[in-house]
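Taking the form predicted alone, here's one chain by itself in structure tokens.
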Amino acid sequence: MTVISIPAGSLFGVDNLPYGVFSTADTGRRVGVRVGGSVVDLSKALSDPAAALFAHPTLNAFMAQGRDRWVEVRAQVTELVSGEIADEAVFAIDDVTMHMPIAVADYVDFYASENHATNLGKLFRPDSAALFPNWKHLPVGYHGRSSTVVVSGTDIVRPCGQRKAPTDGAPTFGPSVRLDIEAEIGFIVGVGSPMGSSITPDQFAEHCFGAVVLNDWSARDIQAWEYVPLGPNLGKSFATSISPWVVPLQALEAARIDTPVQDPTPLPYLRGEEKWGLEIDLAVEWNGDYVSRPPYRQMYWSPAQMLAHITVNGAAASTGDLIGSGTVSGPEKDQRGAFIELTWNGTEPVTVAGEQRTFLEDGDEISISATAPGPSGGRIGFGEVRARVLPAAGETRQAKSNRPGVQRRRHGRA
């Protein structure tokens, strides 16, 4: 039997207990929970019927059972990890491979940071109001592509598409030269709602299972040319990365706060009594250097309002739906969650590993992590979402060196 040792100050103590899907060299995919530096195989550690829920390659079967079941199982797992566990159910975190924790049913990404939206408005509409007239009346979002949501550790191939700079006479086709990130939090729907119904903000906890760190990769040059009049498409749909550990909504109780003051007062369907602002701190690492620490507490629209807005027209919600918060940005430069903001559209380079940088180059590695207050005065962790940028599919070395905007690094590698 094994007793798991949890180091003092661990981000993965009993106040957290995030769920994930893992495998080992000898076994297939199943659901586990992280405790300290260990992963507990719930399909082996729990008794039936709970154990059967976790012998699946995704969390969807468990999530679909609803909040009462989530609460019940969390209590069982808390008791389990505080005592002795069968040896065959415990693995060191370094001995497992993590996989997508959910089968993504649908994906909607929002634009809920006033700081981010204001910065982009100033960049692209300097002679107009930074925010569009609708921005403070509803959570603005776009419909993403669920088939390209991938787990942390999956390399991202540089996307190709049409580009047209303001000085170009006609559009050209090729790899994006303004590849960017967006540091976000993603919320996962556990229990859906039928078509023709809606979910209120105060019903959020009945439907949302938990949260992950999310990177909404963005090809800014492709996006800029295509987005008028219907919004993002190819500039976003090529990849979205999420962290492998799903922090249960219950673990975020101590992180709940009010949203910033919403003025004007939202329409009734966006109002609720429950607080669903969240005290979450993100950190963005670029080739080993921390370049930004975005504060989620600054987000204008809450995830409860996002889910209410998605369903108010009668659209169905499903188990496995993923809701992206949109870029998390604070008021300070070092709190901006996208490089288009951080470098002010490429005009103010930042120093990364001793180099002056603007947008992403091939070979760059990005990691986004997050932590939140825990109920016992400590902190809980989300882990990280990490990925490396690969050259565009089929791009030759010569074509890459001739790509507009490519900078040669000091160590001689393009």
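Treat the numbers as computed from the prediction; the structure is a model and nothing was measured. A residue's number is simply how far along the shown sequence it sits, counting from 1.
Same protein, other form: the form predicted together with a further copy of the same chain, not shown, and the subject of what follows.
- Looking at 274-282, 76-84, 329-337, 159-167, the stretch with residues near a further copy of the same chain in the predicted bound form, meaning non-hydrogen atoms within 4.5 angstroms, turns out to be 159-167.
- Annotated contacts: Arg125, Tyr142 and Trp225 all touch a further copy of the same chain in the predicted bound form [non-hydrogen atom within 4.5 angstroms].
- The single contact residue among Ala129, Ala92, Val71, Leu267, judged by any heavy atom lying within 4.5 Å of a further copy of the same chain in the predicted bound form, is Leu267.
- Proximity to a further copy of the same chain in the predicted bound form, taken as a non-hydrogen atom within 4.5 angstroms, holds for one residue of Trp286, Tyr111, Tyr296, Tyr300, which is Tyr111.
- Although the partner is absent from this view, Phe238 contacts a further copy of the same chain in the predicted bound form, with a non-hydrogen atom inside 4.5 angstroms.
- Residue contact check for Pro260: none of its heavy atoms lie within 4.5 Å of a further copy of the same chain in the predicted bound form.
- A residue is said to contact a partner when one of its heavy atoms sits within 4.5 Å of a partner heavy atom; Thr97 fails this definition for a further copy of the same chain in the predicted bound form, lying far away.
- In the predicted bound form, a further copy of the same chain sits within 4.5 Å of a heavy atom of Ala315.
- Although a further copy of the same chain is not shown here, in the predicted bound form the stretch 184-223 places heavy atoms of Met195, Gly196 within 4.5 Å of it, in sequence order.
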